[in-house]
Ligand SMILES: Nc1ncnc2c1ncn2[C@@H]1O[C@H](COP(=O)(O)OP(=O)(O)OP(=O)(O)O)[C@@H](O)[C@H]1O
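The data below hold one chain only, encoded as structure tokens and taken in the form predicted on its own.
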Amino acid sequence: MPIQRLLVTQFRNLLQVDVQPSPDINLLYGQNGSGKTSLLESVYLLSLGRSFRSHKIKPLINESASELTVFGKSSAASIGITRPRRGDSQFKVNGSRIASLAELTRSLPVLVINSDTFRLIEGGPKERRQLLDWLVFHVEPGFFITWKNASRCLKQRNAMLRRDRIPYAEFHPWDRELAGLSQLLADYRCCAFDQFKAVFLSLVEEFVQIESLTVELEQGWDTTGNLLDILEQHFDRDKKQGFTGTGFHRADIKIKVGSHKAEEVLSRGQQKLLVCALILAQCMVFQQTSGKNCILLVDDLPSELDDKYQTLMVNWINKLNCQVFVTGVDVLALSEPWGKMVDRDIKVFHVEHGEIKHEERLALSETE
């Protein structure tokens, strides 16, 4: 479902942009602050209603404007978003207002690789859990409502834990519901993870070749026991801490090399390529399961990966056959890995002071 036309108004320094991107590869080059990343943010906004750099909306709106608008048209849907400084935002799919951002996300699945993404390996469980849940959300229809109900239940339990003198008997109904929902979420995650793991390891074996690499899913509790019993056993601990320490919200993906954490033994380049494999495995499993393509945003690829790893990354992306937006500062460094892909429709755009100009493959011709 590639974007055929993208209109952006008053989004950071993109005052009025009208772009007709390639359904395959889009290379955007320009100096820092020119607006390259802002264009990627605008695509991401069409999927999640926010930026991948910040959850705040006001910094996205040009300082001289009262609101921003982004419109994207694909063969499957037309999506329009208006986000003002004050008042309610408007989200429309095919001309009709929607109440849930989940509908927006399903209409335009988008994945991003940027400098923050490269912290997936050494970062906390939340980021890796969100990586898996993006996939589960798109391939398991019942996941989202189950996750919402489980989150509501968890929030209520945590609020009760912070009150004094509430006996466990009053927690039991909430624990019973939380345990049931957590197990259902675990089942959803396990099913998607099995597919994800197979694809991820095949990518790593083909391109990175890290011996003794393992990737496993931890559900957030000792699955040899019953979660309802575990919640009761840990009640005093949870009461003292003021939050629930066991359940679906503690799930994590553990990546190891032998008995060591991946970040302890891998080079920086290997870690970055491993993160790319995680994201691309998401995309591949999504394709296999849904029969659809997502959109991939890659911000400043040349600065994150050296020439060797850039070439590997480009080969991976080329196999996806999805729409890709890639940014970089130097046009030659950005274009070189893509120059021999004559079978793909590649567009090059120069971004300068918030203006975007299509260059008719001029930049690529310089590398051939």
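Just so it is clear, the model here is predicted, and its values are computed rather than measured. Just count from 1 along the sequence shown to find any residue number.
The same protein also exists as the form predicted together with the ligand; that form is not shown, yet it is the one meant from here on.
- Look at 62 to 70, 43 to 51, 307 to 315, 333 to 341: in the predicted bound form, residues with non-hydrogen atoms within 4.5 angstroms of the ligand sit in 62 to 70.
- Although the partner is absent here, Asn321 sits far enough away that none of its heavy atoms falls within 4.5 Å of the ligand in the predicted bound form.
- Contact check for Asn13: a non-hydrogen atom falls within 4.5 Å of the ligand in the predicted bound form.
- Counting a residue when any of its non-hydrogen atoms is within 4.5 Å of the ligand in the predicted bound form, the hits in 3 to 36 run Arg12, Asn13, Gln31, Asn32, Gly33, Ser34, Gly35, Lys36.
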